[in-house]
Ligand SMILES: C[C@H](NC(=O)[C@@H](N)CCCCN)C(=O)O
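A lone chain, given as structure tokens: the form predicted alone.
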Amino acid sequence: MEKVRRALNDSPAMRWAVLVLVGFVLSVNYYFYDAFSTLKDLLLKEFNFTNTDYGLFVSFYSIPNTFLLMAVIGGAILDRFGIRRTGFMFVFFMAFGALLTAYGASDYYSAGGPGYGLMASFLPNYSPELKMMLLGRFFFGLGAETSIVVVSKILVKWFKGKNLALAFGLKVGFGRLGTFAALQVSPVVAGGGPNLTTAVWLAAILVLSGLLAFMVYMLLDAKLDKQVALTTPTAAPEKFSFKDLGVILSNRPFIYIVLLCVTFYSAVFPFVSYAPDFFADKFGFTDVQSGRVTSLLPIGTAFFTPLFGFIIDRYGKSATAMILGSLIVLGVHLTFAYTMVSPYIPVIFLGIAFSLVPAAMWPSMVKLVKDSRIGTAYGIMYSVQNLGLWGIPLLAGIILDKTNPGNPLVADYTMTILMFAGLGLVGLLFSLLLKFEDKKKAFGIELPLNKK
């Protein structure tokens, strides 16, 4: 195994090439997820969506991973059947869902294209366009979350003991670059409404290109595994057992990280889905201006997360970083709720928090879970995370409709932002519990990642 690693895993050029390749898959994933943030008002106007409809559309992404536990199942499949087969299947689902969503928003479908009559035949309170887009969003979510689990295991495979936190930081950076591009490009392509369909199709085609990129990675992964098989006898893969779930779930620091994960991401990702509209309503920004200020968050994290990952690799203090990041999230949302401070400053600070916590949280898993079950552990995290990504956007839409009756296009966001602040407060509590547990039991979460 060491001989193979010297040939491939220890080659900096090969490691970074792999990171760029799978990072592109992440970028297009996040591009599609966030492309609709700056299109919210256009969707409301074009398809007569309500804020609740929009919240339902955003939250539908998380249904397969929340209620069907597909991220957990996908993680177990990954541990059992490997990266190539699992990754191709779920990246394919992601691309299929993106194309189906774009079809639901297309003029051809609205004019009575295939499936329109079927979608119009039930649940008349929801438009055929919304129902087809929900179906696409479902398949996109089915594939997207497990594909992120796959990428996480790829990084553990190639970077463990070799700047793993930096690799995870760059992974997060690639995702944020996708979000940045979506917030910048999507409203420009839509052109205020006439090219709404074009903007959605562009996002879908980018996801399809991500499937092609993953197929290229599969060739590299097959080459690595073939060389391992030729040079080192390998044991048969361990079969998945429900006992593994019990071992993982009995680990208290793991539980605290999972709970921090769901509260932290629920305070950020759903906020990004509403942020452009929030900035437009509170500060009078145009769609393009709102997209630009919101894009400061992902572009900042694209640079800060690798930096924080490098620091954590070298100096540790992962639990402390999670505490600080959670505290910043709480302060930012309280600032949004109660002040008229220019949104540029809080968004920058939110980007710092959005760099600190992921850079520390995701690679810390190697301290708590053995390599052979890392896919299952990440799957559990993503599945629980999706509980928040399902419920919070929907709840945000309901709160907006209830607190702004009869005026969905210009809304007071105070109560919605306070909900996000509450999530930040709960995340801060879990991060404090994590540090206390690590200090008591010495799991090594505060130690540098490369320290054995």
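Remember, it's a predicted structure, so these values are computed and weren't measured experimentally. Residue numbers here begin at 1 and follow the sequence given.
Heads up, the form predicted together with this ligand isn't pictured, but that's what we're talking about next.
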Notebook entry, point to check: Mind checking whether each of Lys171, Pro358 and Tyr382 has a heavy atom within 4.5 Å of this ligand in the predicted bound form?
Noted result: yes
Check: this ligand isn't shown here, but in the predicted bound form which of Phe269, Tyr217, Phe336, Phe279 has a heavy atom within 4.5 Å of it?
Finding: Phe269
Next item on the list: Would you kindly say which of Ala167, Ile148, Ile374, Val347 lies with a heavy atom within 4.5 Å of this ligand in the predicted bound form?
Entry: Ile148
Notebook entry, point to check: Hey, of 28-36, 413-421, 42-50, 392-400, which bit sits against this ligand in the predicted bound form at 4.5 Å between non-hydrogen atoms?
Noted result: 28-36
Item checked: Distance check, Phe180 to this ligand in the predicted bound form, heavy atom within 4.5 Å -> no
Note to self: So, Phe93 and this ligand: in the predicted bound form, are they within 4.5 Å at any heavy atom pair?
What the structure shows: no
Margin query: I'd like to know whether Tyr256 contacts this ligand in the predicted bound form, with contact meaning heavy atoms within 4.5 angstroms.
Written below: no
Check: Is there a heavy atom of Phe159 no more than 4.5 Å from a heavy atom of this ligand in the predicted bound form?
Finding: no
Next item on the list: Heavy atoms within 4.5 Å of this ligand in the predicted bound form is the criterion; list the residues of 251-268 that meet it.
Entry: Tyr265
